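Presented below, as structure tokens, is a lone chain in the form predicted alone.
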Amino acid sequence: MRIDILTILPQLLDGPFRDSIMKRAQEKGLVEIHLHNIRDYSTHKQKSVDDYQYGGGAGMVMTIQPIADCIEKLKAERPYDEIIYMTPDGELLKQTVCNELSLKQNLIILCGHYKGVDQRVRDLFITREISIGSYVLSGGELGAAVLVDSIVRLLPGVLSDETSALTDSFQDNLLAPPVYTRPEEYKGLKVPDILLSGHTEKIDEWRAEQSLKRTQERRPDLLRD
């Protein structure tokens, strides 16, 4: 998989992709993550990428030209399955979206800033718009990092145990059950006996029951979905 991220602050994304699972995935050749500074494509003498919005109002708007030039350059080099814009008014990121995107080969992710991008960028280039929550961030970089992490960890070979991702919260519209490790008892709190029984079928039943119970208590909206 190849992921190209368009941003005016590439330094914000250096850290999230330099360590842990994201680092190992790149070292194994399972994913390529390329950062593109939108300012590099600006034809303005000062390399500006924003301007006042038509109709007046507070806040600047990211201009078409540098974004369009960057996207068109990338598209001339390879086909892209999706060109994604990180925006508060996009579809809410869910596990099903992550699963779907993890099957793609090439993705572009555009990070907005200011009041967002000129609407014509969205009309002409964007194939999917995604939000990571009902709140506003200073820019799309943190959202892009969340999206990339949620996709890459699903790629075969990224996690040491590939079945691990299949038992994560939200995979079946359920939250994951409680998990325990050693010691068996800590400050009077003991590991449930069923987990020490060695009876795989009964353990699976217990985990399924706990997942359903936790979802009913904490996220009943998932069951309605």
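One rule holds for the numbers: they count along the sequence shown, beginning at 1. In this text, all values refer to a predicted model and were calculated from it rather than measured experimentally.
What follows is about the form predicted in complex with a small molecule, which we do not show.
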The small molecule contact in the predicted complex: residue 131, any heavy atom under 4.5 Å: yes
Any non-hydrogen atom of residue 103 within 4.5 angstroms of the small molecule in the predicted complex: no
Contact of residue 137 with the small molecule in the predicted complex (heavy atom, 4.5 Å): yes
Non-hydrogen atom contact residue 150 with the small molecule in the predicted complex at 4.5 angstroms: no
Stretch in contact in the predicted complex with the small molecule, which is absent here, among 123-131, 151-159, 94-102, 73-81 (heavy atoms within 4.5 Å): 123-131
